[in-house]
Structures are given as C-alpha cells and as structure tokens.
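Here we start with a single chain on its own, the form predicted alone, put down as structure tokens.
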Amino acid sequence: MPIIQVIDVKKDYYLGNVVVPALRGISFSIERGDFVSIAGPSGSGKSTILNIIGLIDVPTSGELIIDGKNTKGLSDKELTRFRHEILGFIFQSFNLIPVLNVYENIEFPLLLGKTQVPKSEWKSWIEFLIGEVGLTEWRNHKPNELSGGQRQRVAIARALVTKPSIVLADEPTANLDSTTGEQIIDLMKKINRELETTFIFSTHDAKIVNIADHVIRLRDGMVIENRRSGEDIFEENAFTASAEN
C-alpha cells in the first residue's frame, strides 16, 4: 500500500465572495521510501498540497490517506497526534528556537508528546543524528552562532528525531547558496537511503527535481506530470491542462 494517497483533492480559498481554486481535483500516490519533488511555478498549488499532506490544512473535498489511515473527519486532537507521530517538517526559514542550543533544538519535538523513541534512548539517538548531519563539534552552539547551512542541518535532524515515516520539506534550499544547497540535498538523500524515510519536497530547485525518485508537477492547481523511476504516468487532468494551454 502506498504511504500516501491523494484522491481527487480540491481546495478553495475565499477572497470576500470570490472563490479562488488552489487545487482542482488532484490525485496521486507516493510509495514508502520515495524521494519526491512536488514542483511547479508560484501559484501552482504545491505549497497548498504540502500543507494538506502535513495535516496543517484540510481539503475542501477529496480524501487523503496516510499510512493506511483516512484523515477525513479526524478531530483537531487526532490530527495533532497523528501529525506528531507520523510526520517531520523542514522549513526554508529553519524555525529554530534561538535560546536553545543544537542538542536542545533537536530534542524539542520529543518533549511535545508520545513518539516511537523510548526516553531511555533519547540521548543516544540525538547524538547519532547530530553526527549524521555533521554537527558534533557544534552541539552546544545556539542558532545565531551557526551558518545558514548548519542551521538547516539542525532542522533536518530535528525533523528526524521522532522517527517519522514521512518528512515534508518546504523549499529547504531556498535560503542557501548553491554549494551549501547541494550539500543539504546530498545529506537528505543519504538519510533517505539509510533510514528509508519518505521525503516530500515543495521546490523550485532543479537539483532536487533531477535526483528525485518521483516527480509531481503542478500547474494551475492540476497535476500535469506524475513520473517515478523513469516511467511517465499522466493523470487525467494533465491532458485537460495541456489542452487549455
């Protein structure tokens, strides 16, 4: 079973009495362990679908199934618990806590509720992640003492600390120079291989698109390309989008 199934998802926003369709009934599935790029120009809907998969927003209609569980109709409390247990997040602005050092920032999600990591293993697991992202010598430094690339490495370790099945990354290289961005992409790909964590990116970065196992391209709230492992798969609305352009 795919780890994620998006089924005919629509999302409308309202500006006064005007309905603005952000997603126009999109469908796709993502396999466990995939390294996925959701690509498209600004306004294509990629951030909207990332927020829906991240259980931060809800569809206007359609269904989202994560790890075999249909999220439709879940209460806010159930969504919060499910999000904490299943998902990790990496943001382009890092979102680190300024008063906490590297170790404490990575540890923080473990303090927020039940996870798959027993408390007796917290220290060893955090130290392992710090080593994986190459920050052992910086473990006691605070964010303002780190470079942008180092801060993003902390954010990656923090996203992994609860052992999520899925990590969502919103433009993770947008605020980094090209060399540092490539290092961060290589690091995430390494973690994807070693820990078999499913990574899903919303991105403009061609480098992420080029090394992704699975590329989903959006335009005007529709899927125009859905390709994985070298095989082209087109959704029904891709033909509609092509015909309209």
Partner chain sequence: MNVVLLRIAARNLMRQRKRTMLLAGAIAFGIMIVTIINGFAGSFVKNISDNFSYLMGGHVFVSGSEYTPSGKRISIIRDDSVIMQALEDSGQKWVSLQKTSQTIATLIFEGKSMQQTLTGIDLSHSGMIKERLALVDGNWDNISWPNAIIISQSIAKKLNVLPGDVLVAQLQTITGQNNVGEFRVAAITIDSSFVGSMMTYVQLEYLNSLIGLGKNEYMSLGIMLERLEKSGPFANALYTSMKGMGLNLFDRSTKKEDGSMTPFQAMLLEQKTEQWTGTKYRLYTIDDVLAQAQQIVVALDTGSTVVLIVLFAIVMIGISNTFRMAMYERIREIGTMRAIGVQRNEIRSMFLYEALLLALAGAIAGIILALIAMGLLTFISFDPLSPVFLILKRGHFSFYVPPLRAIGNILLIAVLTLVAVYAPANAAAKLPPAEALRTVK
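Positions refer to the first chain, counted from 1. These numbers come from a predicted model, not from an experiment.
The form predicted in complex with its partner chain is left out here; the points below concern that form.
Contact check for D57, F89 and L100: all three have a heavy atom within 4.5 Å of its partner chain in the predicted bound form. Although the partner is absent here, E171 is not a contact residue: none of its heavy atoms lies within 4.5 angstroms of its partner chain in the predicted bound form.
Looking at R139, you'd find every heavy atom of it more than 4.5 angstroms from its partner chain in the predicted bound form. When contacts are judged by a 4.5 Å heavy atom cut-off, Y14 does not count as touching its partner chain in the predicted bound form. Under a 4.5 angstroms non-hydrogen atom cutoff, its partner chain in the predicted bound form lacks K114 among its neighbouring residues. This chain is displayed alone, yet in the predicted bound form one of N192, T180, S27, N51 has a heavy atom within 4.5 Å of its partner chain; that residue is N51. For the stretch 72-95, the set of residues having any non-hydrogen atom within 4.5 angstroms of its partner chain in the predicted bound form comprises D76, K77, T80, R81, R83, H84, F89, F91, S93, N95, in sequence order.
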